[in-house]
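Only one chain comes next, encoded as structure tokens, the form predicted on its own.
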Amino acid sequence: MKAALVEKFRATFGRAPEIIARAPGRIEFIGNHTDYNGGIVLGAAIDRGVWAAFAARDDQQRRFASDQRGAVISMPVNRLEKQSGGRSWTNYPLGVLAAMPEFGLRGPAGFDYLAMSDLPAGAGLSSSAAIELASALVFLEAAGERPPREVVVKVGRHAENYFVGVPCGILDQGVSGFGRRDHLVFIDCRGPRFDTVPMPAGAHFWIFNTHTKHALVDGLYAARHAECMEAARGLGVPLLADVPPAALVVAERKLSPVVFRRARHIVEEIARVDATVMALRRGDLHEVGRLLTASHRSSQTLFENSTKELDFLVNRLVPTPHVHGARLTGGGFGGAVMALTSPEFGDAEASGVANAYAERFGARPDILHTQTGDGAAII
């Protein structure tokens, strides 16, 4: 991938890049929408991601290119305006540049920049966080800044929240930043505090990307965020992470039916994350799988961020031999399902699931068999 990136950079800008960084995509393992509610979450950095290449310019121009877009986008250094249409992908690196001063960090002036990805977009694998983290690393390296990794992660989240306009929590950027091969990333989002949990041997991830709508900016994600904040206010707590499961009986009398369902999902999902960590430490993948599937059922019925396509895949995967459990991964409203399997689950079994899906919906999902990977780094 690095060689292809350098070749593309030369073809686009007529010279070699000076700095290259890579940041992985991530699987939301369990902890659906718990991050912005101050809860805990588990994620896995995967072995695919976004690469960013950089070379400085001395003419106060910033030029942006992508392997997925044909045109080079040029703008002056003093222009940090949100873009639209075919230029909107630049909002991720632009958002990082806009966020850096908020953390006392200097950014580079003029430059040439190229992004390249082997991460499928719109699959719930957070290509957005990957491009934010890769961009942040090349910009910080160019400016001679060396902030702690926690700050780099916060820069990425700030870009997503305040420039791109998605009210996400710290999960996506945290996992991309703190990923470690053969481990899951545990995040206590209230801190935030980051840790890793060993993944038992023999665990495999299979992603089934439905290519159905997965546009978080269109308001569905924001609506769930607002409902969760309404639930917290109604229960007199700063965030839903402050509500113990035993308090849900009282909560039902205080909240509207819809808002109560959202709150119940979050409170019970936080408890599932805690139980999953304990099961992982015991090496009990059967129990981990049961918790993953329970998480999906809660997303399906309480948080209502699943879709018929995602539900079909989960329903098909769970009884399939060698599947421990399955759930939607990411924000929901389309996108992808993750299955946790044993090594015996292979291409034949995955194709059987995909064929059944195609018979039902008229198109095959993309299948991605992936492993855990390391977090964002200068290459």
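Residues carry their position along the shown sequence, with the first being 1. Owing to the predicted nature of the structure, the values given are computational and were not obtained by experimental measurement.
The same protein has a further form, the form predicted in complex with alpha-D-galactopyranose (GLA), not shown here; the description that follows concerns it.
Trainee: So which of 205-213, 107-115, 242-250, 167-175 is the stretch with heavy atoms within 4.5 Å of alpha-D-galactopyranose (GLA) in the predicted complex?
Mentor: Answer to the contact question: 167-175.
Trainee: Taking F29, G289 and T341 as the candidate spot, are all three within 4.5 angstroms of alpha-D-galactopyranose (GLA) in the predicted complex by heavy atoms?
Mentor: Looking in the predicted complex, the three residues F29, G289 and T341 all stay beyond 4.5 Å of alpha-D-galactopyranose (GLA) (heavy atoms).
Trainee: Evaluate F345 for contact with alpha-D-galactopyranose (GLA) in the predicted complex, applying a 4.5 angstroms cut-off between non-hydrogen atoms, and reply yes or no.
Mentor: It does not: once alpha-D-galactopyranose (GLA) is placed as it appears in the predicted complex, F345 has no heavy atom within 4.5 Å of it.
Trainee: Can any non-hydrogen atom of F260 be found within 4.5 angstroms of alpha-D-galactopyranose (GLA) in the predicted complex?
Mentor: Residue-level check for F260: no, no contact with alpha-D-galactopyranose (GLA).
Trainee: With the partner left out of view, is G330 within 4.5 angstroms of alpha-D-galactopyranose (GLA) in the predicted complex by any non-hydrogen atom?
Mentor: Result yes; G330 sits at the interface with alpha-D-galactopyranose (GLA) in the predicted complex.
Trainee: Contact between Y36 and alpha-D-galactopyranose (GLA) in the predicted complex at 4.5 Å, heavy atoms?
Mentor: Y36: yes, in contact with alpha-D-galactopyranose (GLA) in the predicted complex.
Trainee: Just to confirm, with a 4.5 Å cut-off on non-hydrogen atoms, which of Y221, F163, W89, F194 contacts alpha-D-galactopyranose (GLA) in the predicted complex?
Mentor: Of the listed residues, the single hit is Y221.
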